[in-house]
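The data below hold one chain only, encoded as structure tokens and taken in the form predicted alone.
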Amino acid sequence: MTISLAVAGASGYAGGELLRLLLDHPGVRDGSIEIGALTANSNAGQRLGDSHPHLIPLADRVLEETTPEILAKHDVVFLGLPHGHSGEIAAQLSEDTLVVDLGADHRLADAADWEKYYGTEHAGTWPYGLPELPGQREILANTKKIAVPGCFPTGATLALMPGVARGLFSEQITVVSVTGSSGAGKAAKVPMLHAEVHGSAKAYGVAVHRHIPEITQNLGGLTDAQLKVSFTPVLAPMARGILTTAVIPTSHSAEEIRAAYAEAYATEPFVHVLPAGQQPMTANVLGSNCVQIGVEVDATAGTAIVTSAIDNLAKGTAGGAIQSMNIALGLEETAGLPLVGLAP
């Protein structure tokens, strides 16, 4: 039986990355998975190649309108839509359709947090598409609805998860994530113009960023401690990638913390804990679904410094979506997901 899938928001960065990875998926190559409708909003009626000329095998496909009727014809639907737009469409799709939402609509469990940070009515909570969280693979294997994590929460959660879960860190967590401009999406915005971004870096969303409750939700489920998470994103002059630095008070040694991380991630195909003295680089994971993590301790300050690097469009969005889809469909979890980056 052939599995048909549709991609809503195919003209955007997330949709383009999703299709790039899907084209190399063994199911697509052997015909057991078929790429069906590719939809868009303002770009409907145009060739996909007008938005993504690098997707040569699909370049002549015409983008259709994003409607429930078109999407409903498929077994799997990826929703690569702006925040606040997935809920209404998802509600009109069959319960038998595997719906993978790359937007934020279904990530948060607390409706009050959603309304505070997003300003609209909460669309409900779906199983969270971060397989590395304890017990999450079993949940994803038995669901038809998946909420893909935000790119910042992916990097921050994986950087902090073993230390928080094992009680190696204080409740006060400070996270700074440096990101490329593709995280803001493909729509034209003055702050994202090359002349605005090139040669400069700036913090934004300080103390009020929408991903604060998501990071807190992920880590809070690992401990009984009342965590206090401070998160600051920084826009850097690069197209893609996120480098996260977390600083947390600790009384444990670097060797002890690093050993805990190595044990926690020993069987994870995409998470790589680096040796002492080696730091993650975004270039090393570019185009891959991998995460690099570095662990050090400043004994003088009494703080652990944990760094992580991901590709925000791959593991941070599209790669994480395909990884979760693979689990939900009973496929090999790593299918179609690159383990090797593009450095230099």
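For every residue, the number given is its place in the sequence shown, counted from 1. Remember, predicted model here, so these are calculated numbers, not experimental data.
As for the form predicted in complex with another copy of the chain, it is not shown, yet the points below apply to it.
Checklist entry - Picking from 217-225, 176-184, 121-129, 158-166, which part of the chain touches another copy of the chain in the predicted complex when contact means heavy atoms within 4.5 Å? => result Every other range fails; the passing one is 176-184.
Checklist entry - Which one of 239, 91, 111, 72 is close to another copy of the chain in the predicted complex, taking close to mean a heavy atom within 4.5 Å? => result Comparing distances to another copy of the chain in the predicted complex, the residue within 4.5 Å is 239.
Next on the checklist: Which residue, 41, 278, 67, 32, is the contact with another copy of the chain in the predicted complex, using a 4.5 Å heavy atom cutoff?
Outcome noted: After the contact test, the surviving option is 278.
Checklist entry - Is the gap between residue 138 and another copy of the chain in the predicted complex 4.5 Å or less for some heavy atom pair? => result No, no contact at 4.5 Å.
Checklist entry - Do residue 57 and another copy of the chain share at least one heavy atom pair within 4.5 Å in the predicted complex? => result Residue 57 belongs to the contact set for another copy of the chain.
Next on the checklist: Within 4.5 Å, heavy atoms only: does residue 332 come near another copy of the chain in the predicted complex?
Outcome noted: Judged by the heavy-atom cut-off of 4.5 Å, residue 332 is well away from another copy of the chain in the predicted complex.
Item to check | 4.5 Å heavy atom contact, residue 27 and another copy of the chain in the predicted complex | outcome: No, residue 27 is distant from the partner.
Checklist entry - Can you name the residues of 197-219 that have a heavy atom within 4.5 Å of another copy of the chain in the predicted complex? => result Residues within 4.5 Å: 197, 198, 199, 200, 201, 202, 203, 206, 207, 212.
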